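What follows is one chain in structure tokens, specifically the form predicted on its own.
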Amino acid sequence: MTTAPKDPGAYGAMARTWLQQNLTGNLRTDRVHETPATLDELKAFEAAMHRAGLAGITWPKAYGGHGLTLREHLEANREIGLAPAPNAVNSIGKELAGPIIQAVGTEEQKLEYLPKILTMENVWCQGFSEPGAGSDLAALRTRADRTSDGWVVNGQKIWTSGASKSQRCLLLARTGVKEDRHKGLVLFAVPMDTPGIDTREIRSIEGHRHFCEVFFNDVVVDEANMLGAPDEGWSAATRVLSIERASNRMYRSWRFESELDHLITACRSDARTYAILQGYARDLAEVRIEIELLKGHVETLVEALLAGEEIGPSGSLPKLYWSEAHQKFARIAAEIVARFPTDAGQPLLDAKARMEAIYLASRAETIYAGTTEIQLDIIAKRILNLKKAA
């Protein structure tokens, strides 16, 4: 495991050097690949990132982390974002399950679950959303009934990203009736090989089979896999969602910047596409400004967290702004690359492939982790304290 420099700036420099040396071949997202990286290759790269000090940065050393602060986490994430690195296979484990286990898990659970997340021994998925209970999570119907053998779970989850490749599911289920809304909800760490779990992949618009629906048919979950108390599921879930919306994937602002820079650099490689680019100068200038504002959101958030402040509903602000701004950029980028000449060189082909993939993936960004409408509602009610219209 890499020894971390004490200066946060030096930590970022260390991250940059490591990524330059190790992000090669079919792992790069700024190249067209005849043979994309396999799941095993992606997992191996992610495990290597942890050993290098680029994952589990703020987690306690006792649980496999590096015991540092959000400042080091921010510095590393700047470099991860600027690098054309692949999306994490185990983002749910590291960014959602891990923090909630640290918050409400027992010591035994922390020692059992957390190190295996960082070493990629256990990949996690998130079993929250259901048909009819997506953004309105309190409407979920998946039931958990306590028996002498443990908990018996029945229900269906959908949009369970990566479920077919996961070893554990962070599952939210109901112990009471659906009319209880926020009451009677419980969180579990469910092994995905438990009898009665049926996982079905869903092909997404970009051709991937990452989305899944998961059915639970009389699934027996051991008491030891319950996270927190039976009636604390809602508070734990909302804590997870505030983390997801605000502090997770801190690299996004800088990944956004690298995408914009890639597009501009590629267009400048050919006089014909440079002329196309000039027609979008104002639009891309606005994108650049939005990126800088997003960086400011993240940096301000880090300072607030370091000062001991709670995220709370303010987590909706960066999530809303990022998803809307990035979706707008993706549309502009798709328009530009659609006008590339048919005899374009490799730099343009690489940019075209990346921008088209970004456009397709961006269609879901204003939906996952809470829709734009839900974020606006939270901001209106809980930050601005606006009253409902008469």
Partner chain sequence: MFDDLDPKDFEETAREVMEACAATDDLAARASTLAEAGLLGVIAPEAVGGLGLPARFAVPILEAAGAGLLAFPLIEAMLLSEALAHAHPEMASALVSGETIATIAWLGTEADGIVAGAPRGEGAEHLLVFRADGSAVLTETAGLSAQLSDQLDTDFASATLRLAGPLTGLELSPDAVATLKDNAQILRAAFIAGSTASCLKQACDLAQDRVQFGRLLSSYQALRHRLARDLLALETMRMGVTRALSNPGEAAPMARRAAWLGAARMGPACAESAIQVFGGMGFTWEVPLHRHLRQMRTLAIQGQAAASVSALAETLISGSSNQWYEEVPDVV
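What you see is a predicted model; the values in this text were computed from it and never measured. Residue numbers count along the first chain shown, from 1.
What comes next is about the form predicted in complex with the partner chain, which does not appear here.
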- request: Choose from 63-71, 36-44, 49-57, 328-336 the stretch whose residues reach within 4.5 Å of the partner chain in the predicted complex, heavy atoms counted.
  value: 328-336
- prompt: Even though the partner chain is not shown here, does residue 277 get within 4.5 Å of it in the predicted complex, heavy atoms only?
  reply: yes
- request: Using a 4.5 Å heavy atom cut-off, state whether residue 231 contacts the partner chain in the predicted complex.
  value: no
- prompt: Can you check whether residue 110 is within 4.5 Å of the partner chain in the predicted complex, heavy atom basis?
  reply: no
field: Contact label in the predicted complex: residue 180 to the partner chain, heavy atom within 4.5 Å
entry: no
- line: Note: exactly one of 151, 251, 211, 216 sits with a heavy atom within 4.5 Å of the partner chain in the predicted complex, namely 211
query: If we check the partner chain in the predicted complex, which of the residues in 11-28 reach within 4.5 angstroms of it by a non-hydrogen atom?
result: 16, 19, 20, 23, 28
